[in-house]
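Okay, so here's just one chain, in C-alpha cells, the form predicted on its own.
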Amino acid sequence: MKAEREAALPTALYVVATPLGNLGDITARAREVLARVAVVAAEDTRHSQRLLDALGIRARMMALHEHNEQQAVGALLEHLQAGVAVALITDAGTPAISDPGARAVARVQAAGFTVTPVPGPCAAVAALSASGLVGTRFDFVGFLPPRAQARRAAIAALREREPVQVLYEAPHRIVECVADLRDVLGGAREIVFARELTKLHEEIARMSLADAPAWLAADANRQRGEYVLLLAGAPPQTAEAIGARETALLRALAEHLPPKTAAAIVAGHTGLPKKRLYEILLAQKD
C-alpha cells in the first residue's frame, strides 16, 4: 500500500462508491484509488476508518457531511489547489445519491478541477435488479419528506407516474411511510421492500400495498435497517379503463367549461389522473 500511495494520482476529486455492507463488494479500482489519494473526505470519519482499516489503508481523513458540506468544500478545494488528489466517500454506496457530496462536486467543477467517478455499489440499482418489477424506466425519488402532510403530498405527486418509483426510507419512519403509500396510492399497487442489502439480515419481499403494513408488523426486526422501497408504476390509463360514467361526466362538463377545468373537476371527485382526463378531451376534440 505504501508504494501505491507514493505513486500519486492526478489531481482530481475522485467520487468513490463503497460497499453497502459486504466488504467483498469493494472494487479493485476503488481500493487502489483510496490507497493512492492524499486525502479521503468521508461522511462519517469513524465509520469510514473501519473500512480503511479492513482494507489495510492508512489515509488522511476529513469530514464532509450534510451539516458541514458548504464549509468543508473550502478545505477540500485547498487540497486540490495544492495539487493533490482527494477521494469522496459516503457511509455506504455511491456519494451524492441521497447522500452528501452533490454540492461539493458542483463547487469543485466550478473551480475548474476534474471530478472522476469510481463506480460501484448503489442501493437503488441493487434493489431494482432483484425486485422483479418489469419496466424499462424508473424514477429515483430518494427520501420522502419526514412530516406527514408534506409526505402525503409528495406521494400524491407519484400517483400518475408510469415508471417504477425508487424511494429510500429510514427504519423509524417505515411504518408511517408505508401506511401513507397505501392510503394515497391504493392497496392494489405493488411494492418491493429491500432491507439491509448485502448485509447479514438482507431481506427482499414483494407484495401489494394492502398487505404491506401486516408484513412490517409480523416481525419487529423489519423496523430496523435502511430500506429501499420500489413501487410499481401506475398502469397506463385509457378512456375505457376510466369508466363510461366518468367519461360521460367529463364530456358533459367539457361542453360548458374549458377542458383543463373539466378534467380538474372530475379528477378531484374521482381520484383519476387529471392529465389522462385532459388527454381524452383533447383526443375527442381532434
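Note that residue numbering begins at 1 and tracks the sequence as displayed. Small disclaimer: the values here were computed from a predicted structure and weren't measured.
The same protein has a further form, the form predicted in complex with a small molecule, not shown here; the description that follows concerns it.
Contact check for Y168: a non-hydrogen atom falls within 4.5 Å of the small molecule in the predicted complex. With a 4.5 Å cutoff on heavy atoms, A262 does not count as touching the small molecule in the predicted complex; it lies far away. Contact annotation: R195 falls within 4.5 Å of the small molecule in the predicted complex, judged by heavy atom distances. In the predicted complex, the small molecule sits within 4.5 Å of a heavy atom belonging to A92. Of the candidate stretches 195-203, 153-161, 104-112, 181-189, only 195-203 has residues with heavy atoms within 4.5 Å of the small molecule in the predicted complex. This chain lacks the partner; the member of L209, V118, V73, A124 within 4.5 angstroms of the small molecule in the predicted complex by a non-hydrogen atom is A124. Put simply, of I97, L80, V141, L133 only one has a heavy atom within 4.5 Å of the small molecule in the predicted complex, and it is I97.
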